[in-house]
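We begin with a single chain expressed as structure tokens, specifically the form predicted alone.
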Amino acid sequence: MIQIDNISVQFNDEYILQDFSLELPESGSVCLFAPSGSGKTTLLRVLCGLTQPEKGSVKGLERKKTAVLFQENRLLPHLTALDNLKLVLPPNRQNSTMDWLKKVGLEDASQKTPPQLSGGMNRRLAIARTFAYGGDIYLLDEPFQGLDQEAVRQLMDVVGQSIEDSLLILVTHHREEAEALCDSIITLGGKPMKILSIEPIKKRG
């Protein structure tokens, strides 16, 4: 269990999170569902260690490998798509890079750099890099932004097949994505951000 216990984070004298608490499972998939600008990304930054709360604690992340997909792709523009993937892989897994490019439909773009790719192709590459890196916890911040519906369906399949026994924390304000990928939806809102509801998702079929 990952325990977020009474954390507070503020920017410019405004609390984004104040005495915020939440329990997350060791594995499975959870959606943090809220409008843009509510504080979801701040919570993800706390979970991956990029933002330190001024009070409170987060327990259960010790010795966990975390893979993060930010809203920005954060690709290296001077490296090819293939080399952007190789950069996150140890030597014994370098031969899996083409497999990941095929999964996201970029096998024909392996030698192109991010400036030579469309916005949607760069997002596919960022998703491939996140899951090629792998982890015990995946933090995905609006992973399918800028993609058409066909691409979203394809990539949701890739995500669903890749998380295995890991914990997926999905941040989105698209409910259909949450229902397709997650076991539960935690609806958040308000300022500072609070938990409004926790809803289990019944999988179809």
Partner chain sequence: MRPSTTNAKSTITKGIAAAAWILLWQLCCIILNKPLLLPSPCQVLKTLFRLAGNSLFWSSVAASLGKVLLAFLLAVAAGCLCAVLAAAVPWVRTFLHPPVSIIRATPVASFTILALVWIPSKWLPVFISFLMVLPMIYENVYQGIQNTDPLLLEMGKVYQLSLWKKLRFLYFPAVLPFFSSACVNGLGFAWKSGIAAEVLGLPKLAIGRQIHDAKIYIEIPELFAWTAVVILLSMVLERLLLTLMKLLKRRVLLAKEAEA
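Numbering follows the first chain given and starts at 1. Fair warning: this is a prediction, and the values are worked out from it, not measured in the lab.
What comes next is about the form predicted in complex with its partner chain, which does not appear here.
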Asp108 near its partner chain in the model of the complex, any heavy atom under 4.5 Å?
no
Interface membership of Lys102, its partner chain in the model of the complex, 4.5 Å heavy atom rule
no
Does any heavy atom of His78 come within 4.5 Å of a heavy atom of its partner chain in the model of the complex?
yes
Even though the partner isn't displayed, in the model of the complex is Thr66 close enough to its partner chain, meaning a heavy atom within 4.5 Å?
yes
Heavy atom distance at most 4.5 Å to its partner chain in the model of the complex, all of Asp83, Leu87 and Gln94:
yes
Partner contacts in the model of the complex for 128-148 (non-hydrogen atom within 4.5 angstroms of its partner chain)
Arg129, Thr130, Tyr133
